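Form predicted alone, single chain, as structure tokens, below.
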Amino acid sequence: MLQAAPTSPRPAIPTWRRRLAKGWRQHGLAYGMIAPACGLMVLVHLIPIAQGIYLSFLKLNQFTLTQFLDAPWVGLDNYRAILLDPQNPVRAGLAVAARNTALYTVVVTTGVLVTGLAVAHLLNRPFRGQALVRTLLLVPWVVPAYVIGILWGFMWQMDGGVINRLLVDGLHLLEQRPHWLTGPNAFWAVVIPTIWRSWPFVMVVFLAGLQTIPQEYYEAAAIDGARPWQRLWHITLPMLRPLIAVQLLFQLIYNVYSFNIVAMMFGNAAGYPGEWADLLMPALNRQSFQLWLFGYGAAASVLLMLAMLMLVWVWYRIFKVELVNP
């Protein structure tokens, strides 16, 4: 009598493969829809970042530029030169540019957030012509940054600039026409146009947030005798805290990497904007590309990126609760 041959047990499917198959069955459509965006992010962001990091380890200058990615490998020498070598030409002036960038970021971010919130609070009240006023206030934001840099560069001129004519000849607030594009005044010549262009966007975001706050909160606070500043402090600001957190991060990153206004106001980064108006990005661009020291420039840019990642980490630790449970 013939007996059937024993069948070997089927190999067990690993747990991770079962979870992967289950996840694909449940969320396959969502994965397929976000796949193009993820691919674009890799193409536009991750590959250039990886290439920039790789360039920071190369001796890439005017003599090795034709080799590009095959330039001599120098390891951490570029980083060592940027951090420790006072004679390095790319490092020259970066401390002053870092100081200016820190001051510029704090002043501009504060000015943009405060101005945007104040105007949004005013526009949140019904009045005649509200739509027209809101539209006109958005004009600075829709103008390209490089155009604003050129326009304000002419407006800040000592003799023919409209600002000195207004302050000295029109309002008589000053006795003499000051130099706005040289010396310490150059810092404010950069700060004011940046605030002027950026606050309308923040205003729109805060205005949308204000319209989501129930009016019953304000009515109850008014019945309890709360003053306007108390309603602002105890109702408006806590309710807008998630929006404030996001706008704060956006403004910090945007202002640290600010380039167009300074570059166009002082000659497309070809000229030195002075001790008080030189920011990090124009300084890195000018010193790296004028001297053809691309390896040093890439190393300095990577260090700046790491500093920004630390800033983002601190920001996330501060606003983690609001972002998780808005």
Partner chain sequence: MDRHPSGTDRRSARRRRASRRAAGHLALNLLTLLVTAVMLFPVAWMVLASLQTNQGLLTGDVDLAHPRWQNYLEMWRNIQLALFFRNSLLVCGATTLLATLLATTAGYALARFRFPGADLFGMTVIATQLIPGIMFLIPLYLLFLWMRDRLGIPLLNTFPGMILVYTAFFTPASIWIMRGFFARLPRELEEAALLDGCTRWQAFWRVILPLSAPGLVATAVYIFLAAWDELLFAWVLAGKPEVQTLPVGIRLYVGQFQNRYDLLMAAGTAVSLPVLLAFLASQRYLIKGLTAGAIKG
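Rigid core: the largest C-alpha set superposing within 1.5 Å between the two forms. Numbering follows the first chain given and starts at 1. As the structure is a prediction and not an experimental result, all values here were calculated from the model.
FYI, the form predicted together with the partner chain isn't displayed, but the following is about it.
- Within 4.5 Å of some heavy atom of the partner chain in the predicted complex lies at least one heavy atom of Phe154.
- The partner chain in the predicted complex is not approached by Gln176, whose heavy atoms all lie more than 4.5 angstroms from it.
- The partner chain in the predicted complex is not approached by Gly274, whose heavy atoms all lie more than 4.5 angstroms from it.
- In the predicted complex, Tyr257 approaches the partner chain with a heavy atom inside 4.5 Å.
- Proximity of Ile49, Leu55 and Arg197 to the partner chain in the predicted complex is complete: all three residues have a non-hydrogen atom within 4.5 angstroms.
- Listed residues Leu122, Val106, Val114, Ala222 were compared with the partner chain in the predicted complex; Leu122 is the one with a heavy atom within 4.5 Å.
- Only one listed stretch (165-173, 224-232, 90-98, 182-190) carries heavy atoms within 4.5 Å of the partner chain in the predicted complex, and that stretch is 165-173.
- For the partner-free chain shown, His27, Leu29, Ala30, Tyr31, Met33, Ile34, Pro36, Ala37, Cys38 of 18-38 come within 4.5 angstroms of the partner chain in the predicted complex, judged by any non-hydrogen atom.
- Once both forms are fitted on their core, a CA shift of 2 Å or more is seen for Trp24 between this form and the one not shown.
- Once the rigid core is overlaid between this form and the one not shown, Leu55 counts among the residues whose Cα shifts by 2 Å or more.
- Relative to the superposed core, Tyr254 undergoes a C-alpha shift smaller than 2 Å between this form and the one not shown.
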